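Only one chain is included here, represented as structure tokens and corresponding to the form predicted alone.
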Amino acid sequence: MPQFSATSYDLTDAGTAQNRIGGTWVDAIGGETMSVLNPRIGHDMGQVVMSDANDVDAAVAVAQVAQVGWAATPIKARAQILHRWRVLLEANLDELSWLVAHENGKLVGEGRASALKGIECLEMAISVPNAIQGGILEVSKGITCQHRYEPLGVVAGVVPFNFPVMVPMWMAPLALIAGNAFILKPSEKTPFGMSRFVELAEEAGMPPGVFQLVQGGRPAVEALVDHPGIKAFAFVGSTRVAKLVYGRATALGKRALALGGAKNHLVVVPDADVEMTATNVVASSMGSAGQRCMAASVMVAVGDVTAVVDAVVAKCKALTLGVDVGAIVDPAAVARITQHIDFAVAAGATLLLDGRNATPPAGAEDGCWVGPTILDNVTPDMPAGCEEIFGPVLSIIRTDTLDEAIAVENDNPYGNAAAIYTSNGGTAEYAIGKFEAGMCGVNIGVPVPREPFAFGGWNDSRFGHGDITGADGYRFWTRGKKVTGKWALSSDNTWMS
């Protein structure tokens, strides 16, 4: 795979994203391909092969052979390969940042940050041999109990377009350090970034077949879920699809973890610091053009917080498309986002800032753009108040009391993230204790836990047990084996002997 040469936002050809099977780039067996759009420019930047069950069969067959040797490799040696992978990723960080920016539409700084977060997840996996390996204890004289974590075999993950190199790194490093062979299906909208990641893993010493890519769409996903050779399956995407793949995988007896959508709430009370809160709300709602499951799409205003609302509007008006806010992934997403705005206005919401006809950057007039948008007086039953928009749209819901604000958050079917903005510790603890969300923030609008703390929501934001990163993530990709042994002869007469 040639290095991606872009050092600017100018349209750059990335070629064809192929499958990586057995250490070789190969086309899909059926020969089908699909164009890949550069969302910022609005023109194609390459193609991606579209795989089906035959390609998945081929990848699994190779993985089953490679996994045996990988599992037999001491975990410390596996960690050394992951460490060399980390060094190579950092050395190629500029290329990876521009690659993400071009295939996803992010600002290059956002692409860099997402790659760095992926590297942080890799660092967590490298620490596993010292941090969360099993344990042994002498439970009686001469008798020991031991817990071991053993690999499952061949496992797979399917990831979305919005963080094309970060979300896969929630999965792959922990699955690999555990001794599994891992098959990844990137989003067909953003197939290039992880192609480079996998290639660099092999350059670091990862044996061919241990970490493979199968590109494609729904047929590839269904084949991965259904394949009897795949023992565990992880998914990140919409709630609708997360429910489907989780149900399908578990019905087949597979271990599965599927993360879905979100409708995150930022509760602002009158004693919140105006400047800090406004800056944070804008960063949370408009960062990554709102295309992230941790975006703050709802601000719940408790009482009189006019100063905060005014400051948020002013800061959003100062944002420039292409400089401060990136592109939307494709025209269909633009249509969906603008339709949400249309519906909210028709239902009685107050449009404080309209981004439907915002001016795109020069040279990107054909791109996919929606400017920062703020809707006030939204009600929880409006689509803008309860459905995931996945764009740079902030809905403001008004309440009189903190308990009413908490009820708005808890009545939503999602449970990914919630935050409280206040200068009072008691108020913060009260809200955090009552929020029905897996990740909570105090004066932080994107409460993504840093490693080793785990990422994962509740309710309709997650299907399955445990979180996808941290110690939970490692345990998901392993099975526990308990060994009780007696080697020293003892004359003690206890219940264990």
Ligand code: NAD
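Values in this document were obtained by computation on a predicted structure and should not be read as measured data. Residue indices: 1-based, along the sequence shown.
Below, we turn to the form predicted in complex with the ligand, even though it does not appear here.
Proximity of F455 to the ligand in the predicted complex: non-hydrogen atoms within 4.5 Å are present. Among heavy atoms of G193, none comes within 4.5 Å of the ligand in the predicted complex.
Although the partner is absent here, P186 lies within 4.5 Å of the ligand in the predicted complex, judged by heavy atoms. Although the partner is absent from this view, E95 stays clear of the ligand in the predicted complex, with no non-hydrogen atom inside 4.5 angstroms. This chain is displayed without the ligand, yet in the predicted complex the stretch 157-165 from 157-165, 305-313, 112-120, 269-277 comes within 4.5 Å of it by heavy atoms.
Heavy atoms of no residue among P129, G153 and I177 are located within 4.5 Å of the ligand in the predicted complex.
Residue-level contacts in the predicted complex: of T379, T338, T250, S238, one residue has a heavy atom within 4.5 Å of the ligand, and it is S238. This chain appears without its partner; in the predicted complex, the one residue of L99, C293, I420, A289 with a heavy atom within 4.5 Å of the ligand is C293. For the partner-free chain shown, nothing in 130-156 comes within 4.5 angstroms of the ligand in the predicted complex, judged by any non-hydrogen atom.
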